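Taking the form predicted alone, here's one chain by itself in structure tokens.
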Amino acid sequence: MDVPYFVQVEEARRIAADVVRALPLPDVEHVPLAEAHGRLLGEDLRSLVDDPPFDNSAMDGFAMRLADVPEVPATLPVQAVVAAAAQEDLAPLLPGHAVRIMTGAPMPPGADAILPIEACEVSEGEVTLTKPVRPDFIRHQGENLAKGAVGLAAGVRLTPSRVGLCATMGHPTVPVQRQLRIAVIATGDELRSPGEPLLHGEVYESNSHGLVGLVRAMGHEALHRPVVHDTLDGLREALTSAAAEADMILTSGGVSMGEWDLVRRLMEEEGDLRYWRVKLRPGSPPLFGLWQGTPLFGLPGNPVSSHVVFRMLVADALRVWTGADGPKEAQVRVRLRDPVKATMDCLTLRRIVVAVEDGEMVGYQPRHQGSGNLESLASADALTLLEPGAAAEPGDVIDALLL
């Protein structure tokens, strides 16, 4: 065949990236903060205010002039009490006085130090300072973010802390990318929906349910399509319908070398196939191309393989397309407690359970590694990243992806 065959993982990523970079970015829409969690920011977001908007106290305690307390203990008369919601103009701090101040309350003019309440002894109308006073515990106006500064860049995924920052910057709504619509299609005559009775030779279809969850975890919309049985006409119709509605198509099954691997056959004969097979275990049979101009990933039918291929290839393409900074798995170093079988020609991603022992991350392989054993993935914490031919014996320290 004249398309790249059995390519390295990085080559597969490059091929898909070249395709999706040529596609337009999703449109931008504005959503309320309550609906922004997990979405991708569509434009740079600038702060509408200084953060903090005024000098304020970081502690409950007393505000004073540092010069008024050269040594401790020292007793000062209490001039006033300032709460966090204080709105009236504050009177300047009188020389030799202190002001009772709450966390977040504006600093009285003239004060340049805060002593926490734990270091103060309060009596009627005065306070005794029992620890040295320093110019600490003051949050200065704009020290976190200046008005007009970019607080969040386009493409960042809006995590809870980032949504909170949007509110801090004064935005009731935020510009986010329209979620990509990704069609998920399982293929195979042997597949039945969970809950239906199984005949001999049939299995419950699980791949599409896992892929829908992975799509949603990336911040996009999953279009969960019915199972397509093994006919070229039925598959062609399903792909054409999906291409008209979706931004991307994910299929599972039908991509290997068998007579009934119809996704591969249809893409070879009628699609725009860009690569087939990747040096990745599990998950070596995937393909990528376009069906009527819509990017299509053909994922393997084995459940573990389809999941691994999504994380290693599809997720990378989605991040490239949208400019997203995540989500992505953290790469860590793990010391093996069990031998892990590598392959001579593929990046090997075995499922391992990770624990911390004596301050070190260690990895166990407690399950058999068949690509049809979805339980081994559901109970795993990480995937090994073993280069082709790498030794993986107990005591070796290897790279792994935390799931």
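Sequential numbering from 1, following the sequence displayed. Nothing here was measured: the structure is a model prediction, and the numbers come from that model.
The protein also exists as the form predicted together with a small molecule; that form is not presented, and the subsequent description refers to it.
K.L.:
Please pick, from T168, Q179, Q79, S256, the one residue with any non-hydrogen atom lying within 4.5 angstroms of the small molecule in the predicted bound form.
P.N.:
Exactly one listed residue reaches within 4.5 Å, namely S256.
K.L.:
From the list P295, P108, G301, G271, which entry has a heavy atom within 4.5 Å of the small molecule in the predicted bound form?
P.N.:
None of the others qualify; the residue that does is G301.
K.L.:
In the predicted bound form, does every one of S57, L66 and I138 come within 4.5 Å of the small molecule, counting any heavy atom?
P.N.:
No, the whole trio is out of contact, none within 4.5 Å by any heavy atom.
K.L.:
In the predicted bound form, which of the stretches 111 to 119, 199 to 207, 146 to 154, 271 to 279 has residues with heavy atoms within 4.5 Å of the small molecule?
P.N.:
It is the stretch 199 to 207.
K.L.:
Can any non-hydrogen atom of M218 be found within 4.5 angstroms of the small molecule in the predicted bound form?
P.N.:
Output for M218 is no: heavy atoms all beyond 4.5 Å of the small molecule.
K.L.:
Should D316 be counted as a contact of the small molecule in the predicted bound form, where contact means heavy atoms within 4.5 Å?
P.N.:
Contact check for D316: no, nothing within 4.5 Å of the small molecule in the predicted bound form.
K.L.:
Is T322 close enough to touch the small molecule in the predicted bound form, meaning at least one heavy atom pair within 4.5 Å?
P.N.:
Taking the distances in the predicted bound form, the answer for T322 is no, it never comes within 4.5 Å of the small molecule.
K.L.:
Whether E329 contacts the small molecule in the predicted bound form should be assessed with a 4.5 Å heavy atom distance threshold; does it?
P.N.:
No, E329 stays farther than 4.5 Å from the small molecule in the predicted bound form.
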